[in-house]
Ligand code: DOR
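Quick setup: one chain, the form predicted alone, written in structure tokens, and binding and motion questions come after.
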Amino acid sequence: MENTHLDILKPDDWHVHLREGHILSQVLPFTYDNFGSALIMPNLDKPIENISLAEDYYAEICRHIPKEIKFTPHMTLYLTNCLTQDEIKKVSNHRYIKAIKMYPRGATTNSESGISNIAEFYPLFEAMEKNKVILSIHGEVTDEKVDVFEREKVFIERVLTKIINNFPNLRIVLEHITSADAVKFIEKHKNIGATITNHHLMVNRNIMLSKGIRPDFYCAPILKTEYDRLALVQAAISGSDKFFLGTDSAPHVNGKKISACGCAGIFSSPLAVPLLIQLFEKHNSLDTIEKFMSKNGRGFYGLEQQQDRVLYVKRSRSVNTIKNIKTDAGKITVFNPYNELYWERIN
């Protein structure tokens, strides 16, 4: 019998970019409406590289959340040379700072402050391991000699393996994994989990490139093959507690996406949940979607489970969907690779 209703614990988004200022005020409602909490990325124009800046950013976000909305922003610090072992110890007991984010220098938006020599940060990794602070990683090398489609695989071989060998008890989240190689690596190593995005689950590099370039699908790490996409789908629907949702929703106005040097980033928050429901339904796996969206991430980060529930229903006809949002700087396109979407929330 076909499922027409899905009653689940309210999902969480374990990787989202909210930006700041006017853009923040425009995109935040799509996160607090659809998710019970979210892990907020620190790569603003001025990186969130210490507790004081994280607390200021947290306060800015909270000012835009209506009092009647139950939503928790979880914060992250940007790993730079400014971070100290004493600061890491304070993070371990902080109420809402949940991870420290590592960006390779030049890998993505606002990553100029990222790292280039991993060994320089070993004392900080040691402090994180000792104080049980999670290291969140954008897993790519930025060596121009390495093919862009191979940069996650090479990062795992050259960098991540070294980190794990030197700090076996350090808890790590490999963010927005893109490949079958990453899935296999996560499955065989303890103390490491991974987020998976909507776009890496739903589209591949052929869709982005084969019939004219689709700038709306350009992201970092870049989309991989159909073989890789299917490996990610199998990981997501497996029920394994190592994999959980992190949309990596990253808004850029169309003028910056469709340009001579288009920005990497996909704005997926508005339709993330119904799109995932439709994907899991296609793979006859609605019984595992609550683990992927609502339970596994909280388990990895050591948080109590959500109590609030949400109800989605499947309509007999495709529903009207939001195509873009308007901001002072221009329109931002909403990610939706499906011609027809049948699921929508009713409470």
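Numbering starts at 1 and runs along the sequence shown. Model, not experiment: these values are computed from the prediction.
Keep in mind the form predicted together with the named molecule is missing from the figure; the text below concerns it.
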Among 201-209, 258-266, 223-231, 238-246, which stretch has residues with heavy atoms no more than 4.5 Å from the named molecule in the model of the complex? 258-266
The one residue among 195, 76, 108, 179 placing a heavy atom within 4.5 Å of the named molecule in the model of the complex is 108
Position in contact with the named molecule when the complex is considered in the model of the complex, options 43, 294, 34, 37, heavy atoms within 4.5 Å: 43
Spell out, yes or no, whether the shortest heavy atom distance between residue 98 and the named molecule in the model of the complex is within 4.5 Å. no
Given that the partner is absent here, does residue 171 sit within 4.5 Å of the named molecule in the model of the complex, heavy atoms only? no
Residue 276: touches the named molecule in the model of the complex, heavy atom cutoff 4.5 angstroms: no
Is residue 219 near the named molecule? Define near as a heavy atom within 4.5 Å, in the model of the complex. yes
Contacts with the named molecule in the model of the complex, stretch 222-254 (heavy atom within 4.5 Å): 248, 250, 252
